[in-house]
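Quick setup: one chain, the form predicted alone, written in C-alpha cells, and binding and motion questions come after.
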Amino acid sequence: MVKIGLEIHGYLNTIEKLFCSCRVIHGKKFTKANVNICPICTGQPGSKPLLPNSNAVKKAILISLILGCRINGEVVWQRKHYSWPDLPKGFQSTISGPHATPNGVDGKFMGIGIRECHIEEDPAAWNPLTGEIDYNRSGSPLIEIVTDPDFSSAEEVVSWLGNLFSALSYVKAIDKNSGLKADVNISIPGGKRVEIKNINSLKKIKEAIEIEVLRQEKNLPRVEETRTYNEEKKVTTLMRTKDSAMDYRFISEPDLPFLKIPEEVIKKMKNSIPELPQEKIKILIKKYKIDKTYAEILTKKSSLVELFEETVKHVKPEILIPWITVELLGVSNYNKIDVDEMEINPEHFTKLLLAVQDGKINELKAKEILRKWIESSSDPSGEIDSGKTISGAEIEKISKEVLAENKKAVEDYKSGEKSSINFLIGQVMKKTNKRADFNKTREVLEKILGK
C-alpha cells in the first residue's frame, strides 16, 4: 500500500516578521523587490535578532492545539545550517531538528497523525535563473506541520488539506493571501522514501502524487531522493539524494533565549478555540434541519457560517441557504474575489432577504442589488423602496404595451414557438426595471395571448 506523509508550510498571520519589526506582506502586494528589509532580516554582520514575535508564537501554539498536539512549554531555538543564496545568515532559526523539542507533538486531526508542529523563519526568494534575491519575505514567521505517513491516496491528501485550511481559517492563524506550500513524502512497498519539494496548490499536489506513484511502480526507488514537480511536463525530476539531519549541522541558537510558555497561557488559548467546521456541520444540521451538503458548503469559510448564523435569526433557513450557497458565492466567483474578502454586513443582508421573504421585491431585483456588493455591502433600503414589486393590474397594462411593440414575437408564439414568451417576459422586466414578478408576468402574458 502507498504511504504518503506531508510537511506543510504556512505563513502565520502576523503584522511583523519573526525577529525584526519589518512588516509581513505576501503575494502580489509587493511591486518592488527588497523594500521591506532591515539589517536583521538580511543577515548583516553584527546584527542580532529581536525577541521572537509573541503573536507568531501564540498562533503556532493555537494551530498545534487545533491539531490535537501536546504543547511543550519550554523549547530551544536551533540553527539549521545550509549554504544557499536565499539564506543570508548561512542558517535558519527554527524550533526543529534531531535534538529539538517542537512547539507541539503527537497530535491527530481527522484521523491523520500529527508528528509535530514548529515555528521557524522563512528564507528569502532566490531566482536561480537570474541569480537575483528578494529579501522581502526573509524572516517571515512560518509554521511547519509534519504528519505521519497515514495517507494512501492523492484524493485523501487533498480532501484532508482542504479541511485543515478550513479549520485554521476559523482562528485566522494562517495568512490566506500567501497560499500553501507542501513537501510530499511518498513510498511504496519495498522502495525508499521520495520527497517532492515545494508544491504550492492542491491541484499540483494531487497531480504530483499520482504521477510519482506511477513512476515508483515502474522504477522502484533504491535510495532516498528529493525531487521537484514539473507542472508543464507532468513529471517529477531529481534534485538531489536526500539530506540527513547531520547535513544541516543543527546547534542551539546562542542569540535567542529559551522560549517558555506558561501553562495558564496554554489553557486560556485552548478555551478560546471556537467550534471548528466538523462540529459546526453537526450543529447546523441539528439546529436548522438543513441538508449536510449545504452545511458543508457553509462551514468551508468562517465568514459564510458567521453570516448564516446572524441572518438566520430573522430569515427562514430555506430562503437564506440558496442566497448564500448559490447567489453570494456566485457573485464571489464571477468577480474572482475570495468570499472572505467581501465585507457583507449581516444587517444589510437581512434587510435584502426580508424584502424578498415578505414579497416587497422579487428575486430578480434582489439579485441585481446583491451583484453590486462586490467588495462590501451597503444599506439596500433605498433600492428596496424604489424596486417594490408592482401590482397585477400594472403588470397587465405593461404587458399589453410590450405585446403591441413586439408583434413579431407575438406571431411566433401563436404559430407554435412557445419559447418566444421568454423574450416578451424579458421586455416586461426591462420596462418595469425588474419590479414585476416573473411568474405573475408569465401568467398574465399567457392569458392575454390565449385570447
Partner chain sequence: MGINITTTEKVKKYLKEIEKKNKELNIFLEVRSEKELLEEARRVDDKIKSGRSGRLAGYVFGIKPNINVVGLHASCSSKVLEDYLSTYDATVIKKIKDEDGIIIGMVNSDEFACGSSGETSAFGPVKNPINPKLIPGGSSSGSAASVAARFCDVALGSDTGGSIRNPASHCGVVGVKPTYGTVSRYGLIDLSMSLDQIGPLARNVADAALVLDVIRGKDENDSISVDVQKLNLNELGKKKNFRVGVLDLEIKDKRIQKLIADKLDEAGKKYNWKIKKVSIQNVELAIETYYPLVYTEFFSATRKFDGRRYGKKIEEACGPEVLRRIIGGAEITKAEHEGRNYHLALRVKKLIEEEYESAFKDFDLIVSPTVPRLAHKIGEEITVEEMYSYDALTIPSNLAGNCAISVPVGFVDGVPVGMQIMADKFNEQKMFEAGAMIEKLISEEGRG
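Residue numbers count along the first chain shown, from 1. Small disclaimer: the values here were computed from a predicted structure and weren't measured.
This protein has a second form, the form predicted together with the partner chain, left out of what is shown; the following refers to that one.
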Indicate whether the partner chain has at least one heavy atom within 4.5 Å of a heavy atom of residue 425 in the model of the complex.
-> no
Would residue 240 show up as a contact with the partner chain in the model of the complex if we use heavy atoms at 4.5 Å?
-> no
Any non-hydrogen atom of residue 89 within 4.5 angstroms of the partner chain in the model of the complex | yes
Consider residue 351 of the chain shown here, and say whether it contacts the partner chain in the model of the complex, taking contact as heavy atoms within 4.5 Å.
-> no
Output flag, 11, 136 and 228 jointly within 4.5 Å of the partner chain in the model of the complex, heavy atom basis = no
Any idea which of 386-394, 43-51, 66-74, 399-407 reaches within 4.5 Å of the partner chain in the model of the complex, heavy atoms considered?
-> 43-51
Which of these residues, 130, 219, 271, 83, gets a heavy atom within 4.5 Å of the partner chain in the model of the complex?
-> 83
Which of 321, 256, 331, 211 has a heavy atom within 4.5 Å of the partner chain in the model of the complex?
-> 256
